[in-house]
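Starting off, we have a lone chain in the form predicted alone, written out as structure tokens.
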């Protein structure tokens, strides 16, 4: 019997676990370790954050799904990995600390034959003074709970506007190295939509504050679209949306501090500024989970297994080289940890070889560089392909070829939708292929046939459809595996 342990139950880890159980008989054990008791369809947190959905609309408990599918579930967090085993057992092991109410604080060591690290991001609100909903002064949509708090804060601002008091709403990134600019972009236009629905848009100043050097960068170095025989850029396409809706943009910004009354930030030219605000939804930078690693003798090998960011090293080219020398081939394809044929990191848990957008520094030395997005569809694809690799090696032997899923060959879609009804919504829908631009294959870095941006109600319908389809899929209901990642 093979023991497979999956760390994390987000999009990547949950997808991997379900496919492992589908592909393997019950004679093999699949175990999921996650500190969270519930699964969250994170893209719909945007709608929770404006009050169009509730937490119950975007989460469900994991334990009943895993019980039904024959998957062991430990509500716990991983604290250490022993990839070479220890003095008692040569099999790999992972130390976990339980977080559930019944076993809180208890520790255990789980053995594995195969391990998938899909632990997702650590939300580093502490990187910027005053950032975050818990110890800071800003709201977030990173979790369903955070999004609920954001909706409450937005309601309070709308109430002020209805009293005729002008308000400034700031939405964007709270640090120079943030990722997920697409989520901030989508939330901006959902807030704009809610203000218009409430009839108070004329009294509101809406500001998009981002570490992107240009609108439409989204941490992927921007895109080129071909429409009706003409080429346009995501910068021009996105800029038109901002102008139409009266949203101001402050770009190339690193937020250094948030006070009760103002956001202090530096921009790429090195100048510093202060922006007064009444409402601020600023995303945090991501880091890897604080997991240690040890060899069989107990020597700390964390620096060998993990990058300084806390993300796990995989089959990528981590050679430090200038932006002009970056290549699509630098990116991982199998997500295996170097030196280990039974250990992988997928989704946000793997360490990118470099940014996708060009990193920049201010004259003061402040790094302003959007980090690469690795969420949503790419995360699910990675999880599925690693599950397929493990299943093949269990069935056909350790030399079975690994399945590949490079972000330099896979596509992705981003649907930024405002409103939640069937007739009142609208969306800016973008697709790109590949995620990591490949200028050796495509003059613009991406396939123009598959890279495009469109506006309209149909994109909103797609976002609604994806919401219900992926909740259905994640619940592992009949035919779930027919729904693509």
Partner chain sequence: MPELQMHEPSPGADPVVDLSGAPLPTKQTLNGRQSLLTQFGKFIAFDARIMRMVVKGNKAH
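Residue numbers count along the first chain shown, from 1. What you see is a predicted model, and the numbers here were worked out from it, not measured in a lab.
Form predicted together with its partner chain: not shown, discussed below.
*Asks:* Work out which of the listed stretches, 313-321, 259-267, 107-115, 192-200, brings a heavy atom within 4.5 angstroms of its partner chain in the predicted bound form.
*Replies:* Stretch 259-267 is the one.
*Asks:* Only one of 82, 242, 286, 306 comes within 4.5 Å of its partner chain in the predicted bound form by heavy atoms, so just point that one out.
*Replies:* Of the listed residues, the single hit is 242.
*Asks:* Under a 4.5 angstroms heavy atom criterion, identify the one residue in 94, 144, 412, 351 near its partner chain in the predicted bound form.
*Replies:* Checking each option against its partner chain in the predicted bound form, the one that comes within 4.5 Å is 412.
*Asks:* May I ask you to check whether residue 76 falls inside a 4.5 Å heavy atom distance of its partner chain in the predicted bound form?
*Replies:* Residue 76: no contact with its partner chain in the predicted bound form.
*Asks:* Would residue 58 count as touching its partner chain in the predicted bound form under a 4.5 Å heavy atom rule?
*Replies:* It does not: once its partner chain is placed as it appears in the predicted bound form, residue 58 has no heavy atom within 4.5 Å of it.
*Asks:* Test of understanding: in the predicted bound form, would residue 296 fall inside 4.5 Å of its partner chain by heavy atoms?
*Replies:* Judged by the heavy-atom cut-off of 4.5 Å, residue 296 is well away from its partner chain in the predicted bound form.
*Asks:* Does any part of residue 429 reach within 4.5 Å of its partner chain in the predicted bound form? Heavy atoms only, please.
*Replies:* The answer is yes: residue 429 has a heavy atom within 4.5 Å of its partner chain.
*Asks:* State yes only if every one of 275, 450 and 465 has a non-hydrogen atom within 4.5 Å of its partner chain in the predicted bound form; otherwise state no.
*Replies:* Spot residues vs its partner chain: full contact, yes.
*Asks:* Just to make sure I understand: among 235-254, which residues lie within 4.5 Å of its partner chain in the predicted bound form, judging by heavy atoms?
*Replies:* Heavy-atom contacts to its partner chain in the predicted bound form: 235, 236, 239, 240, 242, 243, 244, 247, 248, 249, 250, 251.
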